[in-house]
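Just one chain follows, in the form predicted on its own, and it is written as structure tokens.
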């Protein structure tokens, strides 16, 4: 069985290292301190938080993913559904139904997953004044059991048309829930900074910041080698270093490459550099439709900019050499093109560099150009 896991939260034997980080998170959770955790997507934020909570005896995990949230109605209902998943006792279901009777909630069990689900009257839309009421249910739940509240991809709350009001109401309620630790996780640094470090934000200095960095090569490479060894496969440092380079040191992308390496490598063999071509072609075959869909959303001008970034990197996209290579001559047009690709989640900005959200998309563009 392939031992590599990506695209999901991992724990236990599938979780690698990060002991100092885990110790820090556990300490803050146990002292009911709110924290904000930042790091690139797929770097392992959610897994680190989950692993830390698993090591906190007697504390349960109330998790909400706010990725792509578009309205306060959706925000409130995601929180309510998370509460239902965690609290499966009929008594608390009755409390939810009574408290939110105007939403005509209906609680049932999914016949496939056997997990409790909750639906609401779609004609009733929750507004900002519902936020304190919903967060009060978290407080009621905490009276019955110790919980940690995890709000993942929290920066997406800024996409709400009335984001400031939503943040003000959330902060107004959370600051009085002193015994409940809140963990705010996010992958877009400038937006998380806007929420937690800007003086005008309701959440200004409301949580202790923690950054999740890539795993150190010596620690992570040994972990990966042991995973390969479980299937009588070997991999040397030359190949692993190339894997880390292709994936920009992001653990989730490294695991994806290793999963594909395992797939194309027979047991009782050692993986060499020649296998990387087969691995990338396998990933391209799996993801090509997604790449083509992203390309179809772009104009010819935007595609020229994207191809140049893929070929030359995104460090100096407004320089004369970059624009000459891309066949463009207007820096403001390049800026608009890049902003469009950031909004489409194709690119992101990191330390004054524009990078591909999916490094394999970049590899596919360059491979296809040969």
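Positions refer to the first chain, counted from 1. This is a predicted model, so every value here is computed, not measured.
Keep in mind that the form predicted together with a small molecule is not shown, yet the notes after this line are about it.
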Okay, which stretch from 297-305, 332-340, 312-320, 34-42 lines the small molecule in the predicted bound form, with non-hydrogen atoms inside 4.5 Å?
34-42
Does residue 181 reach the small molecule in the predicted bound form, with heavy atoms at most 4.5 Å apart?
no
So, residue 271 and the small molecule: in the predicted bound form, are they within 4.5 Å at any heavy atom pair?
no
So, residue 10 and the small molecule: in the predicted bound form, are they within 4.5 Å at any heavy atom pair?
yes
Residue 214: heavy atom within 4.5 Å of the small molecule in the predicted bound form?
no
